[in-house]
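Next up is one chain by itself, shown in structure tokens, the form predicted alone.
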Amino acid sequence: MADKDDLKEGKNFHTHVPQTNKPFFLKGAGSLDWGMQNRLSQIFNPITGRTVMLAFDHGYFQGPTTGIERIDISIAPLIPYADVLMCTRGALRTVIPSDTKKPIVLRCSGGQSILKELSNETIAVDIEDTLRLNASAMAAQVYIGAEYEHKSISNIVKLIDTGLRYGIPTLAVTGVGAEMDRDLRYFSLATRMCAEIGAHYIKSYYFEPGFEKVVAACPVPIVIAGGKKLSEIDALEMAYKAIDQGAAGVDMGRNIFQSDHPIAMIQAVNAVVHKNEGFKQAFQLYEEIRARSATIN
């Protein structure tokens, strides 16, 4: 307790200096509460306004797919190079070290496997468990145009409403069925719907032409999904084009953990996202890191 006898009158009020109220840096998040903004600033680098999310939540519907058969071996070495980890609560509890300082985006939807209709999902994580795990955001799929579109939208609405009560942002992940066209019309619809119902940021796919129009029409940040495995230079080119056209980052999984050298790849992706490197320069960085690693080993 402060000593009452040693109190001093304040003197430095700087009456000639107006109090500043720094605008929040992230698109569409300026009116959110402090807790929401604080969590979003953990996910997005306040200097660049961008993020490199490492996604390894695929097991929730794919099982032990290539590259994440052993998360403790394949993913743990990549953690220092990611801004954010996107994973399930099972993986988080069992194999991710609890002294990890990276923010967690928690996969909160589930209920179907690759053997069934994926859009028939439900909310798979309670808000209390999200809080116990100290997650910085919650994520769920939204399947616009799929058989269970309405159910997936209801799922994300419930997450948004619950998250608002506790200051936890929600990431809407646009799920695209094999029969759907990955074009301007579809992604304009899917991303705008997710933003309009209250998602705080959106994971979508890069496509050509017209991606920049989707970004411009979406009032919250868009991060791109890595999608299927590409060659390293093609994945870096995709990331470069997306960032150049307004994406606020990437959420990559297979194009990192299935790479010939995942540690080199995630560093090359970082160079594109946060240092504005061209994809050819980033690929050169990838090759240099891979070569150094081979020499050491």
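Because the structure is predicted, anything quoted here is derived from the model rather than measured. Numbers follow the displayed sequence, beginning with 1.
The protein also exists as the form predicted in complex with a small molecule; that form is not presented, and the subsequent description refers to it.
- Shown here without its partner, the chain carries His58, Tyr205 and Met252, all of which come within 4.5 Å of the small molecule in the model of the complex through at least one heavy atom.
- Shown alone, this chain has one stretch from 221-229, 183-191, 162-170, 71-79 that lies within 4.5 Å of the small molecule in the model of the complex by heavy atoms: 221-229.
- Proximity of Met86 to the small molecule in the model of the complex falls within the 4.5 Å heavy atom cutoff.
- In the model of the complex, none of the heavy atoms of Asn155 sits within 4.5 Å of a heavy atom of the small molecule.
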